[in-house]
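The chain below stands alone, shown as structure tokens; this is the form predicted alone.
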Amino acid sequence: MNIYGKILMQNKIVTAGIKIEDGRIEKISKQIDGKRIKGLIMPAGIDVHVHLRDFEESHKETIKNGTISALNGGICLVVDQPNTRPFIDSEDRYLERVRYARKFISVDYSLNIGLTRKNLDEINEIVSGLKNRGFNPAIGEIFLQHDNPEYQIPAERLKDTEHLSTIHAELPEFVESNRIPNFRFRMREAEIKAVEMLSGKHFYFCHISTKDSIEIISKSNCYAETTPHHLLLDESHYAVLREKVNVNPPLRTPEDRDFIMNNFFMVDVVASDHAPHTLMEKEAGASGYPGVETLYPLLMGQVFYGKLNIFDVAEKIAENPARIFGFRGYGRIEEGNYANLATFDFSHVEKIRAERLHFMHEWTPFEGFPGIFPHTVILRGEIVKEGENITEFSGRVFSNL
């Protein structure tokens, strides 16, 4: 298959054709003709932080539904987190989850491995064994604060991890409770002090939410991930979100939000932290927002209004996730890589409406925010979305073999 249009290639936009063979980009050239693509051809996104629930929490979300949502949002690969029920903390549990996922995924899939108090001494061996099988797990997200003591890991024990470790940076001594609104009871210091304590090693910090943490990480050998909700929402949105406001780490001050938005270049990765709950659970104070489908569209909406640079968006939603997590063949539009593409038409900015999303529960914290959804999505050379038409597509569990 050949396609032709405007293509974002790292630091430039070119008008050219792409020749696709066996799911990969064989050649990019102005001399190649093909199917005309309207809008801008971008690398499909990689969401390295999703909680697809399922197993004992299938009433919240399923792998099948979550990956359909990802596809509709222009995401080609999701990284599922291990704090499922049951928790993924052994090779057997990991393989069980992967076998189950293979039956249902609509985009490519990778899974991280959980760190618990009982597997602390074995975690490096477990990860090495899974990597020898071709899988690509990072460790975590590792919880420094958790309601279950088994999953709350002492920060001083993290010095022994040999593989990429992703940290949920909140220290328990600065978390009073999770009452609504939890930004009053989960202090900024919980994150800042944790980042200060751990920034001397090579960690990946999940969903960073404060100005101070971003500044500390930018001067270290660590990585900073943020989320659309920490870019676009703050404590003042409690007036709109009300009982659904809780998320961990919490929404922060307008000053924190503005700093992250205005210093987007200091962020390494943007991920959704897709963490769905039922509406009843949200109203009771459960922490987490659905977001895998709105991640890319929200960022492109900010590009349209001049708040973000399009090359920065491509770097932080595709290129950096592929590089940091070791997903070979992903992240850039270049010869030899998988033909994973999402096209965005800037004449079709729309307001995000929960009723049009594919989440199990019709709710989003971004109701009414501007977004640009991909018109066409191509995964490994197959057109899987074109306008409102979705083609059945079977994703693959990522393998480095």
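Computed from a prediction, not measured in an experiment: that's the story for all the values here. Residue numbers run from 1 along the displayed sequence.
As for the form predicted in complex with a small molecule, it is not shown, yet the points below apply to it.
Report whether the minimum heavy atom distance between Asn263 and the small molecule in the predicted complex is within 4.5 Å.
No - in the predicted complex, heavy atoms of Asn263 and the small molecule never come within 4.5 Å of each other.
Using 4.5 Å between non-hydrogen atoms, is His51 touching the small molecule in the predicted complex?
Yes.
Please determine whether Ser110 contacts the small molecule in the predicted complex, using a 4.5 Å cut-off between heavy atoms.
Ser110: no, not in contact with the small molecule in the predicted complex.
Is Ser218 close enough to the small molecule in the predicted complex to count, meaning some heavy atom within 4.5 Å?
No, Ser218 is distant from the partner.
Taking 4.5 Å between heavy atoms as the contact cutoff, choose which of Val247, Val195, Ile167, Ile105 touches the small molecule in the predicted complex.
By the 4.5 Å criterion, the partner-contacting residue is Val247.
Which residue among Gln152, Asn119, Ser287, Thr253 has a heavy atom within 4.5 angstroms of the small molecule in the predicted complex?
Of the candidates Gln152, Asn119, Ser287, Thr253, Ser287 is the one lying within 4.5 Å of the small molecule in the predicted complex.
Tell me the stretch among 292-300, 231-239, 317-325, 275-283 that has any heavy atom within 4.5 angstroms of the small molecule in the predicted complex.
Only one stretch qualifies here: 275-283.
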